[in-house]
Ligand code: AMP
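Just the one chain here, the form predicted on its own, laid out as structure tokens.
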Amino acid sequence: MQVAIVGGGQLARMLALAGWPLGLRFAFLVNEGDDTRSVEGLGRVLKCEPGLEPSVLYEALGRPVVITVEKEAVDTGLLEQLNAFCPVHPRPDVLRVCQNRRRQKLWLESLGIAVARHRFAHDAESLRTAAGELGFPLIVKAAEQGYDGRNQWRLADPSALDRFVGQPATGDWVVEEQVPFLREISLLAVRSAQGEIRFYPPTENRHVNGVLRTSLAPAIDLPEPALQAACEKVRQMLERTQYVGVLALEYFVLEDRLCLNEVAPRVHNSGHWTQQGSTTSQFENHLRAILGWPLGACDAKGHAGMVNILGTDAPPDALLSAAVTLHLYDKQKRPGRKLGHVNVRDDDRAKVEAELQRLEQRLGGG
């Protein structure tokens, strides 16, 4: 059974590695110039050429039974055309909403989901208006092509705003208040093509310079009523949009409530712990979901954590232990690049936390 994945990075790699034991085979649709080392040997890699007929592309991908994505930055128009030949999950219209922060904010508000106070801006004048209404400090985010801290700016005061507007003349920005959060967590939900919905336990995340560094699950000491309310809102979102696949949602934790920051319509870095820490990994469950198969259990087996390997060597003999597994992406090294991750699992949470600290110290800043 053939599955096509749009993208050739580490998430596509881990989807394929999870699918091979299920008897699945894969093809990868990538853009010219993409680094495809992560998926070499895991299936056919096809370059997306302008003007290629969707029917020809579908045949070249091996006539897949379903097409999915590993990233938001995809050609949703092309996916709409391919949807005539086989299902595309998540739906192209949902991908189109999620790949643009402006559209995403409007969508979330229409669903009644609490997000940070924000304004939209496109030039110096509208930026200053937004700052006057929101106050400082504030966060400016490019509407598109922003991830891992890229194309995001923290403006602490009016002088920082003056410096910022002196650079780009125009843009498409979402301007947000800086939320005084206590912690950051993520929720991973999965809905199958048959309508079955499951949630993984919430994951506590720590970012450095906008990049996820460590995750620990299950997150503890959360405001339980707020968590239950968030899960119910996500369930409604999945059902209303007929979403299929894994959906990742990043939240700010405040004293008594959760504030949704961003949504990712795909498997997610903060869910890598599920590879060893859950009965069914996020990658296997995403495949089960898009194929319409029964979903696997999303329980946490004790406590689990993850540390990203960012731009540094990861010698197995220095990282591995009885509780640690290593996942490398076969990428060329460069500063700050995600080259792999290590997962930790143990029944004792304190041991997991200690191991995460050891690994982070060993890996350094990257």
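Keep in mind the model is a prediction, meaning the values are calculated, not measured. Counting begins at 1, following the sequence as shown.
Not on display, but discussed next: the form predicted together with adenosine monophosphate (AMP).
J.: Between the options Ala264, Ala116, Ala131, Leu295, which residue brings a heavy atom to within 4.5 Å of adenosine monophosphate (AMP) in the predicted complex?
T.: Contact check passes for Ala116.
J.: Looking at Glu284, Glu204, Glu72, Glu250 here, can you tell me which has any non-hydrogen atom within 4.5 angstroms of adenosine monophosphate (AMP) in the predicted complex?
T.: The residue from Glu284, Glu204, Glu72, Glu250 that makes the contact is Glu250.
J.: Can you tell me which of 229-237, 91-99, 204-212, 269-277 lies within 4.5 Å of adenosine monophosphate (AMP) in the predicted complex, counting heavy atoms only?
T.: Answer to the contact question: 204-212.
J.: Under a 4.5 Å heavy atom criterion, is Lys141 part of the interface with adenosine monophosphate (AMP) in the predicted complex?
T.: Output for Lys141 is yes: heavy atoms within 4.5 Å of adenosine monophosphate (AMP).
J.: Any chance Arg154 has a heavy atom within 4.5 Å of adenosine monophosphate (AMP) in the predicted complex?
T.: It does: once adenosine monophosphate (AMP) is placed as it appears in the predicted complex, Arg154 has a heavy atom within 4.5 Å of it.
J.: Verify the contact flag for Gln178: yes if a non-hydrogen atom of it lies within 4.5 Å of a non-hydrogen atom of adenosine monophosphate (AMP) in the predicted complex, no if not.
T.: So Gln178 counts as contacting adenosine monophosphate (AMP).
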